[in-house]
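As a starting point, one isolated chain is supplied in structure tokens, in the form predicted alone.
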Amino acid sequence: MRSITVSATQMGCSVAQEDNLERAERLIRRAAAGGANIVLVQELFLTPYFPQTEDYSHFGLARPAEGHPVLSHMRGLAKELGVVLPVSFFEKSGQVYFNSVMVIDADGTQLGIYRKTHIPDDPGYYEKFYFSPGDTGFRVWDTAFGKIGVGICWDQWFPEVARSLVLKGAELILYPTAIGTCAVPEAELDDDPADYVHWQNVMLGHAAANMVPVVASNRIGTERCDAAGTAIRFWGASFISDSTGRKLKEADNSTEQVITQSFDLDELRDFRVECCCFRDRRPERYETLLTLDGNA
């Protein structure tokens, strides 16, 4: 039996980076005290969600991975608590910028970076202005507690990401996220639960199809963009699923929370073998997936 305990956190973000880091650390410590081996914090937790508008000044928020003060801080925290921390950050590399996650092992070792593959460009989510498409490919890390794969927010809508991660050996899939309503004038914000249910259901389908647990960490709160006169209300609703697509733990839509769940990785492996889906794959028949328009 290989037991693993994973936590997802959710929190609101202010313009004070020090406060956001302190809040994230407090949640990580709370998760570790509750027995978590891996703690997932949301996407771009260090700042408000700046892609709500196109503003060149926001590029000043990016830092190279080497010598990044927050990554250094998180390395020390991971080693102190003995937990694995996938840490989202705005990365500057040469002349380009990425939406990235550094995976830090339980001894403080930086295992490597994943750069977000799918970059959205929707009202209030102008990420193509800031981020280049990731060039790392989909990556799986053999951590102290198990093999994990990480996708970032918009990646979670693409089944190819989850399947690729599990084919590479991922035993858990983690999605740090920043998603909520469309950006509209605050008076027009509409909290339609069908929207975040759809978001959850897509990931629950990945869990069921690939027979691995999925963990999603989303932000909460209403964030205003004075320059654009708009606001986004983030959904929260962070969750942990089992390997059949059933939600085991779910946070609410507005409260800072930590949710935690344990799994037996050997039991999950046996379930994947029993279901035979990976045995019966026919990759030579999937050439259509290598096209954009379906014409192989």
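Being a predicted model, the structure only gives us computed values, none of them experimental. We number the residues from 1 along the sequence you see.
In what follows, reference is made to the form predicted in complex with another copy of the chain, a form of this protein that is not presented.
Taken together, the three residues F50, G124 and G180 lack any non-hydrogen atom within 4.5 angstroms of another copy of the chain in the predicted complex.
In the predicted complex, at least one heavy atom of I119 sits within 4.5 Å of a heavy atom of another copy of the chain. Mapping the unseen interface onto this chain, L21 falls outside it, with no heavy atom inside 4.5 Å of another copy of the chain in the predicted complex. The closest non-hydrogen atom of W157 lies within 4.5 Å of another copy of the chain in the predicted complex. At a distance threshold of 4.5 angstroms between non-hydrogen atoms, G94 is out of contact with another copy of the chain in the predicted complex. Look at 101-109, 220-228, 141-149, 204-212: in the predicted complex, residues with non-hydrogen atoms within 4.5 angstroms of another copy of the chain sit in 204-212. Contact annotation for 239-263: residues with any non-hydrogen atom within 4.5 angstroms of another copy of the chain in the predicted complex are S243, T244, G245, R246, listed in sequence order.
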